[in-house]
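Just the one chain here, laid out as structure tokens, in the form predicted on its own.
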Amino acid sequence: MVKRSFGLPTRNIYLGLACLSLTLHLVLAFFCLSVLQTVCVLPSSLSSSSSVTGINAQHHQPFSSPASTSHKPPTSSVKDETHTVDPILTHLKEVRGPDALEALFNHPLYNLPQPELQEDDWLLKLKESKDVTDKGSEEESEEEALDDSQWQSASQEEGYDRATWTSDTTTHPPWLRFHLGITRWELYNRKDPTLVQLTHYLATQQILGAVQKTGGTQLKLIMSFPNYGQALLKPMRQSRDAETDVNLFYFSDFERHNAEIAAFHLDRILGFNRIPPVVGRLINVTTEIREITTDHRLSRTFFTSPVGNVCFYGQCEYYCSTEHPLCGRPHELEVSLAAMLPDLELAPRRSWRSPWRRAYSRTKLAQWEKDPVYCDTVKQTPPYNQGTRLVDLIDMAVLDYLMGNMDRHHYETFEKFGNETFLLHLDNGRGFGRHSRDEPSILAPLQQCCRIRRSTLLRLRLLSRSGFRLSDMMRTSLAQDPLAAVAPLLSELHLSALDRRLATVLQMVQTCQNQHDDVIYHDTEGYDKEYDQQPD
């Protein structure tokens, strides 16, 4: 057998042919992939129409409101009698992040026309010089005029600002502008820049005083600031992800600082605007409470834990003991700070016992838990027999159900406005305790009365859609709070529970509509019916 041997030039030729073949195969493969990718991309017309069947359209242009552009959003050629597509919603549904929250608040449902405000529709009013009447000598009148038109602080000690406030609102601190902006119909105007200034003020201002708030079952502090503003403090007692023990009754549950913050954001996203602004903050329990407090009941409860953390517990009905201390790490403590409402001497409030108040007993049931037609009695009882009080209460029940708050025994209104006004959604610290269990009894007012505002229902439907999903809006809104830099204020499990509970509310309304005719309270007269859609 003859052994064949190849020379060097021959081997080089074979190697070159192999490399060329491999290169051609790679080029062919890349070409095929690019063709397939192009085929798989839907044309814009098909992409827009797919919104009816649940396919999300990809919009690459930035959001612009209908008022600022003549572009008409794409509409589907497929007509469905059950689902009416909101053209503005279709145009906005792919906006994400902070822009999505802005787009939500720009939606017509969040900009419904309000009744024209009359003089008596403002909670507080500054007296001006022209309002002063003659009550004595000319000199006395001039003195009263000066007193009514300007207020000058007399305190120069203890760190308080030396400021002059006049009838010009630009001289007022944010907390005073907030008070002066309260009307018969809402606690604040969402578009008012005072809201942003107030939350920034609560999160950054120097704290000059800290005393215990009287009343209530758990520890709360009133904090004072240099420009005479005050805030209500609720401290962090447990980790944000900790669920309430299933064996713990609602009336002995911990209050949570992050629940107060999240409740404010949820109330705003629902379009209610009935919870005072709340913001999270890290405080130093030594320098910002212990060293400045004049409350001896509070100061006596401070101690240093075995690991060197500064702790205190105050005096209250629940959880104020050495077994339930509030401890810094070693000095820093997370808290919520809520803007205080006007003093009761200036703006008295009336407390109302909720018709659906729980028995606050380990064995007894409330009347509404035993009587399925309990709402018929409520509807015949003032003030629920006329006006909006009943649907106001149902708004509050929806808010409480979404955050799992069972502790709504009373609510308040401003006395000045009588029965024609909104309800204050105060004290929400027992919300967001459990994400794994929904409490259907919170929705008893809706289930038994089968009544709901049209504007509330439409906003709930809007928040059930993919472009404005409630969990996404809450995640985006809560990310603006200072404590979000430490950790998310609500876990993903709590956020997903919001979507689940929202679907339950909408299903309950649908059940009511299948059984009754007079379910919707029409408060949106003149609003285009094309937005009155069912959820996707």
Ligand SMILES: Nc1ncnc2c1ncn2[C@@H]1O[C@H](COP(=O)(O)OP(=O)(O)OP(=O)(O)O)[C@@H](O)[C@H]1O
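Sequential numbering from 1, following the sequence displayed. Remember, predicted model here, so these are calculated numbers, not experimental data.
As for the form predicted in complex with the named molecule, it is not shown, yet the points below apply to it.
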Notebook entry, point to check: Hey, in the predicted complex, is residue 243 touching the named molecule, heavy atoms inside 4.5 Å?
Noted result: no
Notebook entry, point to check: So, in the predicted complex, is residue 276 in contact with the named molecule at a 4.5 angstroms heavy atom limit?
Noted result: yes
Notebook entry, point to check: So, in the predicted complex, is residue 349 in contact with the named molecule at a 4.5 angstroms heavy atom limit?
Noted result: yes
Margin query: Taking the named molecule as it sits in the predicted complex, is residue 166 near enough to touch it, meaning that at least one heavy atom pair lies within 4.5 angstroms?
Written below: no
Margin query: For the three residues 232, 341 and 427, which mark the spot I'm curious about, does each lie within 4.5 Å of the named molecule in the predicted complex through at least one heavy atom?
Written below: yes
Notebook entry, point to check: With the named molecule left out of view, which of 357, 331, 416, 213 would have a heavy atom within 4.5 Å of it in the predicted complex?
Noted result: 213
Notebook entry, point to check: Of 409, 465, 434, 200, which one comes within 4.5 Å of the named molecule in the predicted complex, counting heavy atoms only?
Noted result: 409
Checklist line | the named molecule in the predicted complex: contacting segment from 217-225, 304-312, 444-452, 284-292, heavy atom within 4.5 Å | finding: 217-225
Notebook entry, point to check: In sequence order, which positions of 360-397 have a non-hydrogen atom within 4.5 Å of the named molecule in the predicted complex?
Noted result: none
